[in-house]
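Consider the single chain below, provided in structure tokens and representing the form predicted alone.
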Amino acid sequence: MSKFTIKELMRKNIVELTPYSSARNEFTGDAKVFLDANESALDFLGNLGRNRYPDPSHKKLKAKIAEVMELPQEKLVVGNGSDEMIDLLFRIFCVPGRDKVLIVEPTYGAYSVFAAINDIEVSTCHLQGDYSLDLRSLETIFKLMQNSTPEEGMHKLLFLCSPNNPTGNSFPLSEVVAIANKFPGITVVDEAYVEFSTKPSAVTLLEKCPRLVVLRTLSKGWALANARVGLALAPPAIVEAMHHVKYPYNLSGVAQDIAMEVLSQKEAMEENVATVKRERSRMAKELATFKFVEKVFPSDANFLLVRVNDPDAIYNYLRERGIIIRNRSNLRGCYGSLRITIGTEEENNLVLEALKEMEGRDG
């Protein structure tokens, strides 16, 4: 257990912050005339309300998310994609030039980018050869952190992406619990791909782990990447701080309306996820038959990590035919690997046909 409270881990200026408050934050009930925010009284688009600022508290959207996704509304923060949630955590907890964060690699590259933007040093612990967590190394790292303090600088955040990007595997909740309760700072579990997994969510650990934050998104399983709607589930002190630090109107009314509409189509979402899982299984089997494929890694996400004998040549061959995948061969732990998103049946067939042509040409 950490010897520091959540507020002791926060930056002092954030704890003492008086947040911006609009009249919409302070008003409850129904109003006929809005003359508080210096908006245009005329809506050029008719009666869509686009001339008005959106609800800064996302009340209706949060209620819908809680209902449909079965998440605790009181622990919920909504923002402009998971990226905003990640950046908020950096700004709330990490003092630039002094604090550090810990990530397990290979993983989502944005964690290190946000660290660099916020002038935060990154420490790494590498996954094992099968992409499982190296618990022994993490234990050693945690012991080295025992004497660090917020005043002198310490590791404030630890990021676990599960299912992990780009490896596709999930981490057992028993290991997440152990890590979250031993790491002295805030453990962040990024569940962007959780809809495609059969493994239980870390949301179930929020009561057991008092310094745990779980991230979700509507970009993947809910097919809403264009609208940029991300979620964080966290303890009350962190929820309050995130609401204080976020931009007053961080999620547009357009995005909120679209999210409400998509959340009303849960059955369609579940059908699509089931289709992706079937195609994922088919693609894994088909890809494994190619001579140049060395290994197709198991996946709980909507993509496959595939180790091949010449990743650059295969990547370039597909690109020349208008098929864009992700070359991950430059990442430590992913040497020789390509990441292929699961598309429609037609799109997946085009990939397979192109690879067959390549194999026939080289064979």
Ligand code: PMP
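We number the residues from 1 along the sequence you see. Small disclaimer: the values here were computed from a predicted structure and weren't measured.
One more form of this protein exists, namely the form predicted together with this ligand; it is left out here, but the text below deals with it.
Using a 4.5 angstroms limit between non-hydrogen atoms, G81 touches this ligand in the model of the complex. The closest heavy atom approach of A192 to this ligand in the model of the complex falls within 4.5 Å. For the chain shown alone, L157 is not a contact residue for this ligand in the model of the complex, no non-hydrogen atom being within 4.5 angstroms. Residue contact check for K100: none of its heavy atoms lie within 4.5 Å of this ligand in the model of the complex.
Proximity of N169, R282 and F297 to this ligand in the model of the complex is absent: no residue of the three has a non-hydrogen atom within 4.5 angstroms. Stretch-level contact analysis of 108-116, 124-132, 271-279, 239-247 against this ligand in the model of the complex, using heavy atoms and a 4.5 Å limit, identifies 108-116. Here is the short version: of S201, S197, Q256, S219, the single residue with a heavy atom within 4.5 Å of this ligand in the model of the complex is S219. Interface residue among V77, C161, L212, L89 relative to this ligand in the model of the complex, by the heavy atom within 4.5 Å criterion: C161.
Counting a residue when any of its non-hydrogen atoms is within 4.5 Å of this ligand in the model of the complex, the one hit in 164-186 is N165.
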